[in-house]
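Before any questions on how it binds or moves, here is one chain, the form predicted on its own, in structure tokens.
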């Protein structure tokens, strides 16, 4: 019987649903032993978020600074396939997810093992996934597949709905007419279709061709504008803001409170004012970047490092 490990951190519970539905084809076959191993921070990030706490998590997220987590409670650390599911905070893996990937336990578990990444996100993820690619490679793992489930709402609409969800914990229609926040129930329910693809390729020893099939099945979709903007924003804006805040200390440090609040005002301004302007420039110059856009789409759809 093949052994599968699912490692994930689910703050709201949404990612737990995704993981459980994804593994249904493996469970139904009866030929697999599946271990679900949620990552547990010693001091968890409460959901729904409080405003200040949400922004106070920004610098540690961006700079991949780990929090203290409990070791995964595993009887045996030898598995045949690893499913690493994570969400994205500020264009980076959620702090608890990153904390695990940096741990000594991850070194033992990932070494020489095939790894599937399974993302549940709003809409920006390529920067986080590039980081995870590098970490899996450093750990000696073999990243063979990537699946991304994301909020289908248009960018600005999604900002409104996800903010409503993050700060209230409610997943109904904000004001009665906005779409429901987060990943749709239909997409969460149908993620088992991708699980079936992974199972078939795993059983036939064809994991080297898995990602190509997942892309055909639309398990990964690249938005050229968003992938371009997030890469620029991460390097030019997020890293600088994070460094500016960290100069005043770590999480919950009163000395950095003023700078965190400054970022809290800047963040919506950047989304509502700067981002639309960048979108206009993207559209203007896109015809001159067709080859670059195509190359980026092909690369970010895959699982290999440049």
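Residue numbers count along the first chain shown, from 1. Source: prediction; values computed, not measured.
Form predicted together with a small molecule: not shown, discussed below.
Between 136-144, 209-217, 76-84, 116-124, the stretch whose residues reach within 4.5 angstroms of the small molecule in the model of the complex through a non-hydrogen atom is 116-124. Taking 106, 88, 132, 191 one by one, only a single residue has any non-hydrogen atom within 4.5 Å of the small molecule in the model of the complex, and it is 88. Put simply, of 279, 32, 263, 54 only one has a heavy atom within 4.5 Å of the small molecule in the model of the complex, and it is 54.
With a 4.5 Å cutoff on heavy atoms, residue 165 counts as touching the small molecule in the model of the complex. For the chain shown alone, residue 19 is not a contact residue for the small molecule in the model of the complex, no non-hydrogen atom being within 4.5 angstroms. Using a 4.5 angstroms limit between non-hydrogen atoms, residue 49 touches the small molecule in the model of the complex.
When the small molecule is considered in the model of the complex, residue 23 lies well away from it, no heavy atom lying within 4.5 Å.
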